[in-house]
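Take a look at this one chain, the form predicted on its own, written out in structure tokens.
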Amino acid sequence: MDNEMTLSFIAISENEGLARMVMTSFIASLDPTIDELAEFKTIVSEAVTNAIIHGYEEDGEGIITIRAKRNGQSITMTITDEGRGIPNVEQAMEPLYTSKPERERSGMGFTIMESFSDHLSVWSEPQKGTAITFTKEFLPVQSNFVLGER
């Protein structure tokens, strides 16, 4: 493991941006492409938003914890909450499924997270919480610059 960090914050919507900013800083040394960066930020945003809206139902009192590890060009991150949990993870991961249709949610969060990550797993237990773990591989930086040549 090259680096590791943990971030905990109150489950309020303004902290979704904080999570994206901190986690983006954590991967900066990998020099991600613009596409990799956008995908990574989207995964973090979707997972944190799910915890705020679905896990804690926007009560403003729960805590979300992100644990991230960098190993070479790979990042593994787990976003956890101790909220209400997901009764049926398989159903929740189906495209277009939403437990809050009245909120005009698209039901695409897990689908998006899966498509932008190299591996995604979800653990959840009703009334105990949810943990979303994903791994994303970043392409190594390639340079065409040769020292001494112009």
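Heads up: residue numbers just count along the shown sequence, starting at 1. Everything numeric here is computed off the predicted structure, so don't read it as measured data.
What follows is about the form predicted in complex with a further copy of the same chain, which we do not show.
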Have a look at 22-30, 50-58, 78-86, 118-126 and name the one stretch with heavy atoms inside 4.5 Å of a further copy of the same chain in the predicted bound form. 22-30
Report yes if any heavy atom of Thr133 sits within 4.5 Å of a heavy atom of a further copy of the same chain in the predicted bound form; otherwise report no. no
Residue by residue through 54-77, which ones have a non-hydrogen atom no more than 4.5 angstroms from a further copy of the same chain in the predicted bound form? Arg70
